[in-house]
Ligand SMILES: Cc1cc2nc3c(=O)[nH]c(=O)nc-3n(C[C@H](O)[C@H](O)[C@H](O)COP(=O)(O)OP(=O)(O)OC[C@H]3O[C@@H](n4cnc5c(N)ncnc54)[C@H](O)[C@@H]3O)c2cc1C
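Next up is one chain by itself, shown in C-alpha cells, the form predicted alone.
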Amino acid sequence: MSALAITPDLLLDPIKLLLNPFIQPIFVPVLYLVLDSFGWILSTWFNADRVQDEQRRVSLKPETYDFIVVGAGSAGSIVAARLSRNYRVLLLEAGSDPHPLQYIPGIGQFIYGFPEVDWLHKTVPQKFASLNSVNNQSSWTAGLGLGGSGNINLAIHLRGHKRDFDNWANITGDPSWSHEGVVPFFKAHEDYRGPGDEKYHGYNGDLRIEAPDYVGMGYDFVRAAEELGFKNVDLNGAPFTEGIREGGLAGLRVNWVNDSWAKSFMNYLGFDIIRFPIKRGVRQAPYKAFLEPALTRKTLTVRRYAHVNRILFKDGNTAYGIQYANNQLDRHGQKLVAFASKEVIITAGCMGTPKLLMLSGIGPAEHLNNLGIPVLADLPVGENLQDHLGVYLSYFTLEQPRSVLLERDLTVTQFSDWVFKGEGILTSPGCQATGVFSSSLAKARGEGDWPDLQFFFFGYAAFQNSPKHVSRLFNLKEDEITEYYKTSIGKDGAHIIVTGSRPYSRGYIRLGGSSPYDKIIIQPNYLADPDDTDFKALKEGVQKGLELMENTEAFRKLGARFNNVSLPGCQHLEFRSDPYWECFIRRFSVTLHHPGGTAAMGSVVTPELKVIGVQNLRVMDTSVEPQIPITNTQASTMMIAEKGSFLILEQWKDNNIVK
C-alpha cells in the first residue's frame, strides 16, 4: 500500500486528506532544497559546535586517568560507558556531537559522505570490481563524531551466524569466542521487541531493538523467498536446527521442531524483516543508548575534536598514554598528552586502529622501516582486510503503488507523524528485509549450513535526484548512473543488494606517510581471490535475486520488472546474457561498509584483545575479527566492546575503584 493510500486512519484525519494534495507540490521543491543543502547544514553545525567547544578550557598539562579510550564510535561508546561506572576514563574523539538530523532513521542515507561526519576514505583503484566508480576507487564511509558510524549507517541489527563465532573460537583457541560464549554479550545490552525467547534475546538492556513502524514491502519479500523454499526465521535468534517460525509470517509464536527436514536447512538459513536500534522511531545506537546517558558522570571526560597522533610507551613496550592534538591548538603546532594508569584502549575502527598502531611502531617491520618509524612490535597490522562487496540489482519497477516514492510519499504529515508519534516512513532506515543462504559452491565445500550470500531488500523507488545522490555516496560516475536510471525515475520500484557474505579475497591497509594526517592506503582486493570463488558466488546470487523478484507470485502480482536499460559499460553485450551479468557484477559493485580483520585475534591481539608483544594496550572493534561475520558488523562490534569491557573489569576489579 502506498504511503498516501486512503486508509481508515487517514479517513479519520480529514485535514491530512485535504492538505496533502495541495501542500505536496510546494513541499517537494523545499524538500529537495533541504536535501541538497545537507552539506551546508552539517558544515554550519560543525563550525558552531567547534566554536562552542573552544570555549571549554583544556589543560595543557598532562592529565592522568585510569583508562584512555580512543574513538567514540559503536565500540568506544560502550567501552567508555561501561568502564566509567567505576573508573576515571578519558574518551578521545576527532569529531563533533551528532547533528539532530542523524536521529531520524529515514534520512540517514542522505547524511553520510560529508567531511563533517565521515572520514571519506577511498580505496586504491580496483581491477576486478567497482569499475563504474570514479577512477575505479571504492568510497569507504567511516563515521566521524560521537557515535561514529552508528550515526550514519543503515543501522541494520544482525549478529552474524553461529558458525562465524565458532570459527573465531577455532582460530583463537578460545571457546569463549564461540557462539555459545558470545551470546551473553549480545544479550547484555539488548532490549529486544519481537518474537523470540530469553535464551537468545535480552529484554532489559540499554539498546532497544525493534522493527520500525513502517516495513513497506518487507513481508512481500519474505513471502517471495518462502515460495523459493526459504523459511521465515529469527536471524538473531536460535540456530535454525533448533527452531523454525511455524506458519512463516502468519505465526508470531515460535515452535521448536527437530525433524530431519528442518535439520537439512540448519543454522540461520532464511529470511526476515529487519530490526533496528530504534526507539519510538528515533535512532538509538550507539550514542543515545550508551554514551549520552554517561556524559554527566564525573568519572567520564570526553575530548572532542581530538586527533590522536600516537600511543606513548615507557620501559620499552608498556603503553602509558596518548599524544593527541586539539583542533584549536593543532593549528599552532601544540600537542596534548594524557596518561593512563591502567590501560590504553583503541576503538578507532578497521581503518583508524591499524593506522594508529602503525604510527606508534606496531606493524609490519619492513613497512615501518621504509617510513622511518621505529619498530616496537613486528606484527601483521593492516593485513587480513576483508569487506562485503554488494552488487546493486537495481531497479525493479512495479505496477502497483507499493514502494516509497519521495516526491509522492515523503509528505509534511510524514514528518509530523515521526515528530509527534514516532510513526511512518521516517522510522525506517530504508532496508526492509534480508535473507541469508548458501550458494552451490558453499554446499560443494560441505558448508551448506554456513551462508555465503545475503540479500538486502529496499522498497524505495528512484526519485528525481537519485542518480546524483547515489553517485555522491558511492563515488560513482554520475553520467552513467543517470543514463542507467532514466526509465525508472518516478516509477514505483525496488532493488536488491546481492552480497558475498564470506569473501575469500583479502586486502591490506598501509600508512600513506609518517604523518598522522596522511591518508591511509586501502587495498581491499575485491574479487581477487585466485579461484574466482567470490565472483562465482555473486553471479549465483544475482540469478537467485532475479528469480525471487520476477518468478514468484508475491512480486508477479505487483508487476515487478527489471530495468530494461543496459548498464553503461556493458551495452556491447547481449542484454541479460551470462557475459552481460559478469560485466554488470564487476561494474555495479560497491562496498557494504563492513570492513574488518586488520588487527585480528590470533595474529595481532590475543583472545583477551591485548596487543601481542606490548603491555597495557587493547583493541576492541571490527579490526580484531579474524573473519568478518556474514552480516552487518555493528552488532558484532558492540558485542566485542561489551565482552572486552567485561574482560577489563574482571582483570582490574577492586583495584582503585572510584567511589
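Note that residue numbering follows the sequence shown and begins at 1. No experiment lies behind these values; they were computed from the predicted model shown.
What comes next is about the form predicted in complex with the named molecule, which does not appear here.
Student: For the unliganded chain shown, is the site open or blocked after superimposing the named molecule from its bound pose in the predicted complex, using a cut-off of 2.4 Å to backbone and C-beta atoms and a threshold of 3 ligand atoms?
Tutor: Transferred pose: open.
Student: Determine whether any heavy atom of G143 comes within 4.5 Å of a heavy atom of the named molecule in the predicted complex, and answer yes or no.
Tutor: Contact with the named molecule, yes.
Student: Given that the partner is absent here, does A635 sit within 4.5 Å of the named molecule in the predicted complex, heavy atoms only?
Tutor: Yes, A635 is a contact residue.
Student: Indicate whether G73 is a 4.5 Å heavy atom neighbour of the named molecule in the predicted complex.
Tutor: The answer is yes: G73 has a heavy atom within 4.5 Å of the named molecule.
Student: Report yes if any heavy atom of R576 sits within 4.5 Å of a heavy atom of the named molecule in the predicted complex; otherwise report no.
Tutor: No, R576 is distant from the partner.
Student: Using a 4.5 Å cut on heavy atoms, which of G363, P503, G541, G150 is close to the named molecule in the predicted complex?
Tutor: Checking each option against the named molecule in the predicted complex, the one that comes within 4.5 Å is G150.
Student: To verify the annotation, which of these, L558, L154, I489, L410, has a non-hydrogen atom within 4.5 Å of the named molecule in the predicted complex?
Tutor: Looking at the other structure, the residue within range turns out to be L154.
Student: Which among 48 to 56, 35 to 43, 63 to 71, 602 to 610 is in contact with the named molecule in the predicted complex, heavy atoms within 4.5 angstroms?
Tutor: So the stretch in question is 63 to 71.
Student: Taking the named molecule as it sits in the predicted complex, which residues of 533 to 563 have a non-hydrogen atom within 4.5 Å of it? Please list them.
Tutor: Nothing in the stretch sits within 4.5 Å of the partner.
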